[in-house]
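In structure tokens, one chain follows: the form predicted alone.
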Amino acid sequence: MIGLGFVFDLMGLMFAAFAALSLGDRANPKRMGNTAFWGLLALSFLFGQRLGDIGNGVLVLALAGIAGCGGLGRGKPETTSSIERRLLSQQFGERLFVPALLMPVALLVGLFVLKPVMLHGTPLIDPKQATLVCLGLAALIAVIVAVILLRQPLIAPFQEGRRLIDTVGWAVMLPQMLAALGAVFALAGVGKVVGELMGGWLPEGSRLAAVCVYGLGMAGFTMMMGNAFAAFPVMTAAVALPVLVKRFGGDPAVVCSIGMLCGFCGTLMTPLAANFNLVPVRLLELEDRHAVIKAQIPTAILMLMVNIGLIYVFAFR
């Protein structure tokens, strides 16, 4: 059965390739830091289950130490120049979009064709992780097609990937780290404590107030923690399940799914979501560090109000 381990192995091999290429990049004065960072990340994906909690904890501290001490730099991978890319774009034309468009198609094929397949009574793909597994397969297929269709050397995807990953830097790890932080908060009972604090002043019997607290809380906690996945277990344990679902009889699917959208509105308004809001500034070389956030705030506030209204209208039928 193909499970989540397949995706972890793909990610691990990719980061291992970035580490190896960084080691040979003498144009990067911080190449040893890059090599250590991406190498440790590869180790996490490939052997994380064998390292245990203490081993993974030490690994995370090492990653934080390298990034926090400024140990990462931008390398100079062997890639095409801007002039060469312009010529290649004229040569291949619309075929350049084939790999990107192939990914969603391959994902859907995997979900609707491969997911139901059984081999000797065992599913070919783990049903619980089918989306992630199929996404990994789709990405792999898209890369292979791109190399063949565009007649690029086999090393090209890794060099281009390293160029992008060096630009993004440590922020590429934020979603994984913050999601793990949310799980830690949930196990520590932070949601219960927040629920007790809110229960003291939440108006009794006011469904609208409870919905507003949940929606605004999801956005607010996301802004403080930098990721909606980290805020979700806290606010769901504090307000969504005990108040909106149990007390008022709300539909948990509607409450939780739209609640996540409220959290995503908070993501648009915080610099702590660096992978979303600060990395584009670096990629686009904008002068204002918070230019992306300033552009997103009006839309985020409007959508937050809409999402709160959707929970109130559709979750309590």
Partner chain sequence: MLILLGVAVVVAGFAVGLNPLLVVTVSAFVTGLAAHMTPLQVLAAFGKAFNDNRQVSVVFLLYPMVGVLERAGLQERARAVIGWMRGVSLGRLLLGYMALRQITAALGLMSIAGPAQTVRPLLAPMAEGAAEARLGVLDDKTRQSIRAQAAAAENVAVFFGEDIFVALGSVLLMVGILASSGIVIEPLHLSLWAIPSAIAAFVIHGARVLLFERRLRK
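The structure displayed is predicted, hence computed values, not measured ones. Residue numbers count along the first chain shown, from 1. Take the two forms, find the largest set of C-alpha atoms that superpose within 1.5 Å, and that set is the rigid core.
Quick note: we don't show the form predicted in complex with the partner chain, though the next part is all about it.
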query: In the predicted complex, the residue from Arg247, Arg85, Lys128, Lys76 that sits within 4.5 Å of the partner chain by heavy atoms; finding: Arg85
query: Contact test in the predicted complex: Asn307 vs the partner chain, heavy atoms, 4.5 Å; finding: yes
query: Close approach of Gly217 to the partner chain in the predicted complex, 4.5 Å, heavy atom; finding: no
query: Contact label in the predicted complex: Asn28 to the partner chain, heavy atom within 4.5 Å; finding: no
query: is_contact(Ser89, the partner chain) in the predicted complex, heavy atom dist at most 4.5 Å; finding: yes
query: Partner contacts in the predicted complex for 43-60 (non-hydrogen atom within 4.5 angstroms of the partner chain); finding: Ser44, Phe45, Gly48, Gln49, Asp53, Ile54, Asn56, Gly57, Val58, Leu59, Val60
query: Core-superposed C-alpha of Leu286 shifting 2 Å or more between the shown form and the other one; finding: yes
query: Exceeds or equals 2 Å, Cα of Phe276 between the shown form and the other one, core fit; finding: yes
query: Is_shifted Thr267 between the shown form and the other one (CA, 2 Å cut-off, rigid core); finding: yes
query: Distance trend in the predicted complex - C-alpha atoms of Phe229 and Gly55, change of 3 Å or more; finding: farther
query: Closer or farther: C-alpha pair Phe229/Leu46 in the predicted complex, relative to this form, given a change of 3 Å or more; finding: farther
